Ligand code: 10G
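Just the one chain here, the form predicted on its own, laid out as structure tokens.
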Amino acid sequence: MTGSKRVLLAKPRGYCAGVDRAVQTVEEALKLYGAPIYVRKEIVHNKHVVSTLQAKGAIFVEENEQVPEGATVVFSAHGVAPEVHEQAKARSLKAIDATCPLVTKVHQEARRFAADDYDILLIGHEGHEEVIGTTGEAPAHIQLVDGPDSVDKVAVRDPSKVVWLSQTTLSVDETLETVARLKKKLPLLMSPPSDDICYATSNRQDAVKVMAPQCDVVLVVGSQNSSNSQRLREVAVDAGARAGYLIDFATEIQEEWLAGATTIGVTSGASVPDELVMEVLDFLAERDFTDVAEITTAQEKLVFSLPQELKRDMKAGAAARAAEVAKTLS
């Protein structure tokens, strides 16, 4: 090791497959249909991504009622309740669903267990868009469990017909603690067929757990309303970092955070473009943190295809352009 101050850079970090798909969906919709394209809620929870798409012609709204009748609306990566689709139909909106396929999987599980008349305990954070969307799939069957301390309030109809599901962006360790408490109270509690916490959330937390014990400070690039980014900061501190801070941009780093530090950890949430991380590295390099080592704990190769309705229109558009070229040449 050199005598210089060093940076440990977590890998994997930043964009996951679901975020990449959602952002690309809005970009391709803008190219295909032209601006404006309306997006219900933030497409992903990141200030920079939202402002960049706004500059290209995306208009972000809270509800379908704010979208002009007949216009195109994209639903965010966090998923929506069935009633949101119904509202879009009622307003003759062209809806493109950019829900992350891993969130869609949780929705499908909720519908299936509700159809079999199970009580569903949804582990997640109250008010988060993903939780609202999943709950909307089976509101009569789902009750929210917001962390281990909420377990005491849980009441079910039949202790032999109860299953837990979870928001995809939670702390893995806290979720396991919540499940352990639930199983103590409800020994026959069923688990989901496969892990609901997404691979990207788990991988990013694993990388931080390896890195944090060696760090004086961990900087997490991500927005305040990003659940997975907030969890990364918490995981960093729990895993041994002296301090952890969540920032949108390098300009938010305060000099006193770095005072006396010799090792800084850097990572980013699953909705953060890597250019923002590079700006943080530049900021740190200007302060003599020039020795950068990447801490790699997993390789991610998963890619999700674009929403079917968008792919269909892209294909039709390409065919129409090809026909025009052929007509010109004939």
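From 1 onward, residues are counted along the sequence shown. Because the structure is predicted, anything quoted here is derived from the model rather than measured.
The same protein has a further form, the form predicted together with this ligand, not shown here; the description that follows concerns it.
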**OP:** Heavy atom within 4.5 Å of this ligand in the predicted complex: which of 103, 74, 138, 247 fits that? Just give me the one.
**Re:** 103
Original post:
Tell me, which of 128, 209, 111, 181 has a heavy atom within 4.5 angstroms of this ligand in the predicted complex?
Top reply: 128
**OP:** Pick the stretch from 266 to 274, 24 to 32, 58 to 66, 285 to 293 whose residues have a heavy atom within 4.5 Å of this ligand in the predicted complex.
**Re:** 266 to 274
Original post:
Does each of 19, 44 and 169 have at least one heavy atom within 4.5 Å of this ligand in the predicted complex?
Top reply: yes
Original post:
Going by a heavy atom distance of 4.5 Å, is residue 134 a contact of this ligand in the predicted complex?
Top reply: no
**OP:** Check whether residue 225 has any heavy atom within 4.5 Å of a heavy atom of this ligand in the predicted complex, and answer yes or no.
**Re:** yes
